[in-house]
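For this one, two forms of the same chain are given in structure tokens, first as structure 1 and then as structure 2.
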Structure 1
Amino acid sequence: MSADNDQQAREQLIDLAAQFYDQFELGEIPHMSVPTRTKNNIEYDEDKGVWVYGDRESTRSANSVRGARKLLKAVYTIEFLANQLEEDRSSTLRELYYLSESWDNNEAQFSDQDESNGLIEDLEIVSGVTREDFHMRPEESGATIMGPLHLREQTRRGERDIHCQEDVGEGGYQIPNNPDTIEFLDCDADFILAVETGGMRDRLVENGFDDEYNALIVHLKGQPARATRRIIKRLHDELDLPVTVFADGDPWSYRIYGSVAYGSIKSAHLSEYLATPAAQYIGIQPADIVEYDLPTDPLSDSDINALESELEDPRFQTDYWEEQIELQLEIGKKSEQQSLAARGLDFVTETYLPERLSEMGVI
């Protein structure tokens, strides 16, 4: 789901607006149908291993004042995006919300950013073009890569060849908003290690884990941005690199893993573009909490509810996940990945990760 170039993206947007005019000419009430983006309309595609939308649709129609306003906002946004592409400019999702304040029709202005964000998602779905191809970007995610990867990035100043160890500082290579502008030139990595927290990412880099194990360390920075998930998928699909996820030992971190591996409800229309079903979870596992007697916090009521919900989630209905989640509910504890420091600053790179990665068949 992506346009080959800016011109194609612009044409697909204009074609969408033209559909409204065609409906007028045919005497039809202008309308636009999109999949209903709710839990009740999300299906787990077992063959593809990702979340996808079901058959339920919502119709944005001008047969009511409210519906007419939504279509008006869509037309103004399409015009803005088409002009942006023609001028080779870009803007953030936040800027789009504020830009609507300058539009000449008050009815076309957004009431809040959630509304403008939702419209961009609608336009992605019905046009078949991603927001990155609209030249729309979120606020900076700051997600980074550190490891033996040589790439070429397309920038406004031309092409740049970058080695993600030799040509970057300790902070690593910052993933651009649209990773499809990157060409992979050479890679000596054996696997990808996607890390949830900045503190653990910095520990791995300081300890030289990327050098010693030929690892690409990708900082997820909590719930990963689309650009982060996209580059992980490309690295896996194009370079055949195993993907592993290293996160905290709590239900919210398991969902971070789930978004990398299977996609998310919010972006189910992009699951095949973003998700990497072959991704494996390293830990922290509930079994690790017991085995290493890690420092812990008690599970809160919301943690317990989330774990019980995950037991009903198709993504986690495997023997491994059911065993781990049931164990966590039994012990009533959770633990952060940095709790491994209780066994020394080098324990994570000298013992924990090598042993887990060996068990998983990655190294």
Structure 2
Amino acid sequence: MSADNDQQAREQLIDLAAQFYDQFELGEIPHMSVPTRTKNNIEYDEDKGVWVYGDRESTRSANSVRGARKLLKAVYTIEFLANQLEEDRSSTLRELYYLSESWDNNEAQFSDQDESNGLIEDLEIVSGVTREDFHMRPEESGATIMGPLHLREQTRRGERDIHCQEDVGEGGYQIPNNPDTIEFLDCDADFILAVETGGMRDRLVENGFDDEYNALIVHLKGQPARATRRIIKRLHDELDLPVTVFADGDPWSYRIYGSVAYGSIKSAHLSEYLATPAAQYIGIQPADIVEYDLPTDPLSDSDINALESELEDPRFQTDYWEEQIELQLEIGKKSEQQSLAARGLDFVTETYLPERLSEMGVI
């Protein structure tokens, strides 16, 4: 959050505008190239062990009316971000969308928030500056940590030292938007348990799982925010903690695991910064559905499509995932984390997790 950092981000943005300027002057059609953000254009970077964008690029060019509008919006957004950095303010993605309404040019206004979000991603990639450094933040992540971890957070109101069991309530420690402002002081945890749903996270806390097994319980809250993924990555890298992911037994949950472990398609340019390739999947595995005879729902058509599309997703092309996904397609069923309650409220903490974790060699 240093002024230097801000200055650098600002210069990167203005360089981008200058690039358009030079294109005009040279009589070239103004354009900007970004990697194509689809699953067909991500490839495994063996050196870094994460999935990154391949060589395919899409060009945003003023050649067409649509492209010209996009570039006009980009220039207006660059101006806005540059001003924001200069004034040391920040705003949310949603605020940017509404803010465009106040711009003097109708053509530059965003038609929906997906468009403005997409543009910020474009600018991140082209300028090499993360959106956190643009001072853009998501609405709220609300994801939390509970466990034996002592840390120091830089807040706008000064430094705060927090122990993630002793200094927090039942809700746990709330992860800030930019986890790079956190300094880890002390850690007694043995591993990280990232949990998809709030209900299961509460069950684990109530049953004292964090205490009993020295686990850092991170609540993912569905598809994890960047901040959540970033802090998991830092905890793994800096404190050398093994990472496990505990989610529902359906295709959407596998994608949650995928974005923790391999990086998401949308932010593959940041994979190196966000993904934790060593993360392991606990369950619910399709094999568990069979083994524990869990209560199930039938797969819907969209579930089946999602599973089939995962089979083609390069991130899931491992023996383990192919076996699991094919098994699930075969049995045609899915189960939630909380279906384990069918065996009693303590089944998950006393039987399922200890069994799976020792199988995986974590405990």
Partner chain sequence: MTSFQSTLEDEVGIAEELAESQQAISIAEFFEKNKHMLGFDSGARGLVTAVKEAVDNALDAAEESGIAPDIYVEIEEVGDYYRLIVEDNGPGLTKDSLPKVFGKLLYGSRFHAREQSRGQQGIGISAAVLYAQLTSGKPAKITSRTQGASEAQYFELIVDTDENEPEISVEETTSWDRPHGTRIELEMEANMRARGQLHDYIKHTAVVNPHARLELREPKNHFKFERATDQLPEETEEIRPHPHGVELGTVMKMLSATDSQTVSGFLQEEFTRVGKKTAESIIDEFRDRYYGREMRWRPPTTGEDIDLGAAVSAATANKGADATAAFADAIADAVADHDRIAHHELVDAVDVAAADAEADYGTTFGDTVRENAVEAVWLEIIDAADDTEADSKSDGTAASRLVAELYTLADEATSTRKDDEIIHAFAERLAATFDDESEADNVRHRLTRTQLREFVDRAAELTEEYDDVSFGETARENVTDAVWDVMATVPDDPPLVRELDSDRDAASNLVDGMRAADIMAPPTRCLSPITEELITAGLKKEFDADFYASATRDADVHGGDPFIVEAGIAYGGEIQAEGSADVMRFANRVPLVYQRGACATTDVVKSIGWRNYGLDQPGGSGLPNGPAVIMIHVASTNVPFTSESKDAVANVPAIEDEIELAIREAARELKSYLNKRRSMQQRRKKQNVLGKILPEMAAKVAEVTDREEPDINDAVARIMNNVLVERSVKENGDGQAVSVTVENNSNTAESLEITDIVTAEPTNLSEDATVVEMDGEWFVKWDIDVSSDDEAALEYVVPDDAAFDLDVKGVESEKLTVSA
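Numbering runs along the sequence of structure 1, starting at 1. Basically, rigid core = biggest C-alpha set you can superpose within 1.5 Å across the two forms. Small disclaimer: the values here were computed from a predicted structure and weren't measured.
Quick one, which of these two is the form predicted on its own?
Structure 1.
Can a Cα shift of no less than 2 Å be assigned to residue 105 between structures 1 and 2, given superposition on the rigid core?
Yes; that C-alpha moves by at least 2 Å between structures 1 and 2.
On a core-based superposition, does residue 85 travel 2 Å or more at its Cα between structures 1 and 2?
Comparing the forms between structures 1 and 2, which are aligned on their rigid core, residue 85 does shift its C-alpha by 2 Å or more.
Exceeds or equals 2 Å, Cα of residue 341 between structures 1 and 2, core fit
No.
Keeping the rigid core superposed, can you check how far the CA atom of residue 22 moves between structures 1 and 2, in angstrom?
Its C-alpha moves by 4.4 Å once the cores are overlaid.
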